[in-house]
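In the form predicted on its own, a lone chain appears below as structure tokens.
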Amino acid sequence: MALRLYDTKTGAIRDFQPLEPGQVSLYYCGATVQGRPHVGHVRSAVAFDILTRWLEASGYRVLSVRNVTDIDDKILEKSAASFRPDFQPQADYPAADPWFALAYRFEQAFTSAYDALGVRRPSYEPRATGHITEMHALIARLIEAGHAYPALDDSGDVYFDVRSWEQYGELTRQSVEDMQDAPDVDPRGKRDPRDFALWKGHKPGEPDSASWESPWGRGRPGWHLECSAMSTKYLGATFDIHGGGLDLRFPHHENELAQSAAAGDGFARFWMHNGMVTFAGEKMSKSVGNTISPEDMLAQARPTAVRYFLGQAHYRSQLDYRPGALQEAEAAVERIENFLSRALPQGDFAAVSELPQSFRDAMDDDLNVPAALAALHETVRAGNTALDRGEDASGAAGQVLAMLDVLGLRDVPEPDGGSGGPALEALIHLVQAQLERRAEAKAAKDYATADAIRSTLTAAGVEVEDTPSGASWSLRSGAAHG
């Protein structure tokens, strides 16, 4: 079965063939670093991390780019607010910060959240402020082609002329007439209220450090322009996949596509969008008080369980958080770990086998992770059944390890040990040593010592089961691992 992916632009699942044989070029929208990451940010990062891992498991070399938008209106507004006399320090805004310091602090918070959940770093992670030259060049191309114009007033703004590009709206399949006016700038400088800013002229009160010289006056880039300039710099005028959250389809990605295509670039061949995260079926909102952050999740469950939860739904589906969801994910992860500890009592977590065909078929079917997880848990059940019969299950364990690699569940740093983690490996060796002592005691008919060893292990949360092939063990669900 060939890899097939849903393309938002065509609204259909299509066979995926990369532009260059053996290599995939992937761009997905990263953080606008105006605050700490929310759960939607990390869900998107996990989804595209799984995509990258599956492409690599399928034999491709992946060149991935995830941007950082380190300047925008809200970053400047929040920085300015921190210098006002009535500023009240908060946990996220403890002191007055220049805009660039504020942006960098939150960029680090995003990096920490990604790292905590085992999201691998992309090939490149460019910042918007480092690519002003490329943005100027793109604007000049659009003006020359008749698709952009300097503002009709003296603001120094430059706008994309929406009506000059007949294909505008093709990504979201809507007409210009049905669209709302762009909200970002005073419409007096525009030819049409729906035109959007490519370059924003410097405004009184904004710090000089937040502006750059340009042929159209001092200013800074518009949000949509940044991604077009950065993606094509690193991936070329045409690349394979552009991704991001569903909320970015319009206007951000629609505008990216329009300005890039109008400038003559082929741009993205596939558009992929992950679904949103809800709270008990409702949209998350700070005003309602039903939000949950990555930090909140990591306080409730260990990182592997949080990653399992964030990655378990189909990437295009809505992911619904509800009380108890993380505990269910924790139980699922522990079932997998307990099987591995039984099947590989010596901790040989390097014994990776071929992926089951059912898992491959699921992942090739538009990254159908729910079906892939079903294949994973079926392999765990079959392996446990084999162990109960006294049979070897190392082959099933190797398949489980391979599936966990694709899903990124073996790369999550665990403070108390996770599947394949050093703490669990140490625990396995210690428990195995105790079981060997118990076996020696039983062979010497020293049943009191054998029973005492078993009682000690049980008190530590280790369940021991005697089978025809010897003693096996597992961690009791909910037991501490460290």
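The term rigid core refers to the maximal set of C-alpha atoms that superpose within 1.5 Å between the two forms. From 1 onward, residues are counted along the sequence shown. Bear in mind that the values here come from a model prediction, so they are computed numbers and not experimental data.
The same protein also has a form predicted together with the RNA, omitted here; what follows describes it.
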{"item": "Interface segment, criterion being heavy atoms within 4.5 Å of the RNA in the predicted bound form, picked from 346-354, 267-275, 397-405, 232-240", "value": "267-275"}
{"item": "4.5 Å heavy atom contact, residue 15 and the RNA in the predicted bound form", "value": "no"}
{"item": "Residue 189: touches the RNA in the predicted bound form, heavy atom cutoff 4.5 angstroms", "value": "no"}
{"item": "Contact label in the predicted bound form: residue 84 to the RNA, heavy atom within 4.5 Å", "value": "no"}
{"item": "Partner contact for residue 32 in the predicted bound form: the RNA, 4.5 angstroms, heavy atom", "value": "yes"}
{"item": "Answer option from 388, 295, 92, 115, heavy atom within 4.5 Å of the RNA in the predicted bound form", "value": "388"}
{"item": "Partner-contacting position among 77, 378, 392, 153 - heavy atom within 4.5 Å of the RNA in the predicted bound form", "value": "378"}
{"item": "The RNA in the predicted bound form: contacted by all of 25, 121 and 473, heavy atom 4.5 Å", "value": "no"}
{"item": "Residues of stretch 220-236 in contact with the RNA in the predicted bound form (4.5 Å, non-hydrogen atom)", "value": "223"}
{"item": "Core superposition between the shown form and the other one, C-alpha change of residue 454 at least 2 Å", "value": "yes"}
{"item": "Large Cα move at residue 57 between the shown form and the other one, threshold 2 Å, rigid core", "value": "no"}
{"item": "Rigid core superposition, residue 438 Cα moves 2 angstroms or more between the shown form and the other one", "value": "yes"}
{"item": "Distance trend in the predicted bound form - C-alpha atoms of residue 340 and residue 458, change of 3 Å or more", "value": "farther"}
{"item": "Note on residue 453-residue 349 C-alpha separation in the predicted bound form, which departs from the shown form by 3 angstroms or more", "value": "farther"}
